[in-house]
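One chain follows as structure tokens, the form predicted alone.
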């Protein structure tokens, strides 16, 4: 920006909500921008076409909520290349949308995580499982909602799971990430712009606890230790608007499991009816700080 006119034009430009479809979270964000009298346009990521080297889009900022991890990354990569603020940045998404990259980033930052082993080929899955011990959890490198995870109790089960993975078409899906299985409470903390906003515990009769698969979300008190741990985990992957998933063991130990770069927050909003989740995200977007 070179003057007051440029600043005024930037402030009058709409925000783009890039989303594959309007779910609860997207509707809440659209309403939050409307309450601020800020135009916010929904853009289907599947409709986007751009010329490399062409002008930037006419948006002051982009909230990137594309469902496809591949398209999500490309949307943020394009926005960053043309100087349009975007949540989340491509670096953050690249780390969050690959569980191996997330585990490495968290470990490098000194964040407590479950013992983790990576197998680069399905043929090594049995050895990797022996390395981590039993019971263990096999996770896909990419994906959400707990899809594709498996709890295994012995080497035979591990080899069966990896044999199936070896038949998948995607080289990425044939990679294996195994973590020790620990009992405990499932927690999610929403971090916006480096600050922990609210926390929930997710309860279910199944060991995979995800509100998208029917788990119940209950408000959980965000103590200083939990807030600090979540904020450090968010910073480790690059910052932004992030959902940090943790396990609180029966002995009180807290381990970070994953960091979600395309976080769903309907459970948080329902559990914390007094917490303006969407408003906080909208204000962060309008602050112009992408991280």
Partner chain sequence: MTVCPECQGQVSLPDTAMAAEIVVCEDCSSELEVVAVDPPVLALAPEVEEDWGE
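Positions refer to the first chain, counted from 1. Bear in mind the structure is a predicted one, so any value in this text is a computation, not a measurement.
Keep in mind that the form predicted together with the partner chain is not shown, yet the notes after this line are about it.
If you check the partner chain in the predicted bound form, you find a heavy atom from every one of 27, 70 and 147 within 4.5 Å.
Contact annotation: residue 22 falls within 4.5 Å of the partner chain in the predicted bound form, judged by heavy atom distances. A residue is said to contact a partner when one of its heavy atoms sits within 4.5 Å of a partner heavy atom; residue 116 fails this definition for the partner chain in the predicted bound form, lying far away.
Though the partner is left out of this view, residue 248 does not reach within 4.5 Å of the partner chain in the predicted bound form, counting heavy atoms only. Although the partner is absent here, residue 173 sits close enough that one of its heavy atoms falls within 4.5 Å of the partner chain in the predicted bound form. Of the candidate stretches 71 to 79, 124 to 132, 152 to 160, 108 to 116, only 71 to 79 has residues with heavy atoms within 4.5 Å of the partner chain in the predicted bound form. Shown without its partner, this chain lists 263, 32, 236, 229 as candidates; in the predicted bound form, only 263 has a non-hydrogen atom within 4.5 angstroms of the partner chain.
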